[in-house]
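Have a look below at one chain only, the form predicted alone, in structure tokens format.
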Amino acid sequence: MPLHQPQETHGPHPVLMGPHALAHLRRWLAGNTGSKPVFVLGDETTMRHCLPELMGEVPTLGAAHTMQVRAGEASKDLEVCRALWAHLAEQHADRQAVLVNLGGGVVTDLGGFVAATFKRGIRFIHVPTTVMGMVDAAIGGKTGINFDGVKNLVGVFADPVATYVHPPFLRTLGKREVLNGVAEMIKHGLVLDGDHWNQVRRAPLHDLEALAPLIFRSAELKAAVVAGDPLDRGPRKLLNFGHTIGHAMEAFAMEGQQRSLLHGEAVAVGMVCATWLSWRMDLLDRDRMNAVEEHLMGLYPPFIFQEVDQHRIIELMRNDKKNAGDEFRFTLLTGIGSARVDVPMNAAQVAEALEHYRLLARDAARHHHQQA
């Protein structure tokens, strides 16, 4: 009887999803590691809630060395890398070792970077445990850490052996973490596939069975784009939609007294701004702009900042890798399911978009307060 095979995307590295994905991982480890050391990296949440299930599906990982970092963006740090490199060295990891990254975007970004740089590169595998990891962070070979307050300033392109997507891990997530990853799914629909956008915005996000095929579709969309542009020099820039302002918002929230922003929440702010700029540049009609704006503002809590804060947000944007000289480079919508990359924007135009979002957020917060 043939072994069941998981669904697999077509990209620079395999992304395998479904009830048989971890069985595939079990077979791969049995055939490719032998006596070589295997390490599992996770944070305190994934080690508590996901590692037992992973070991139940892949018993050979019971003998693996485990490494744990604190949950959250602060772990994408050079000192954390130093500690992980030291542990690998102490355990005599050689270039045939394997690192299994069990976690969301922070763990896969960090673990991929540590593996890619230790002894000029050891093999690594991603087992994402969040929607964000499954549809975005664990696909495409981007690794990185934050440096001097700038998100992903230091990193390398390095592909995992494979990414194994096991949707039952999502049972451990709260609503906010699910919505964090859904932001990237919305992005995939807006820039690549209008049907996907419609399906995601109508999906019952609390229903794991309904969400699973949409997660796989998002993974397919990202893998296809990455396959055609692995080093982010052309069409892959479509995936930057919402990120130019989003990354700056994420950094700004970490600096101040406001509530912190998860990556997807910050990208949602950036997508509202970029959608408005798309309309302002006559690339997108008002009805479509309104539809995107209303959905995002209804799905994510408003992020409150002051008009005086816009200068700092724009300064943080200047660290963006996509900039050219004094101009910002934006991905903007030309329709629902299509976009244009490298649209130049100046600081005054960005300030207008930030002000547009700020007023929307203020009104949404007032409305919520009146209803409470």
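Each residue number is its position in the shown sequence, starting from 1. Not measured: the values here are computed from a predicted model.
This next part talks about the form predicted in complex with a small molecule, which is not shown.
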- Query: Does K222 reach the small molecule in the model of the complex if we count a contact as any heavy atom within 4.5 Å?
  - Reply: yes
- Message: Does any part of R312 reach within 4.5 Å of the small molecule in the model of the complex? Heavy atoms only, please.
- Response: no
- Query: Is I186 close enough to the small molecule in the model of the complex to count, meaning some heavy atom within 4.5 Å?
  - Reply: no
- Please run the contact check for T130 against the small molecule in the model of the complex: heavy atoms, 4.5 angstroms, yes or no? yes
- Quick one: of F252, W197, F113, F169, which gets a non-hydrogen atom within 4.5 angstroms of the small molecule in the model of the complex? F169
- Note on the structure: the small molecule in the model of the complex has a heavy atom of only one listed residue within 4.5 Å, and of D193, E73, E265, D159 that residue is E73
- Item | Non-hydrogen atom within 4.5 Å of the small molecule in the model of the complex for each of H49, V106 and D109 | yes
- Would you mind picking out the stretch of 265-273, 174-182, 198-206, 83-91 that comes within 4.5 angstroms of the small molecule in the model of the complex, counting non-hydrogen atoms? 174-182
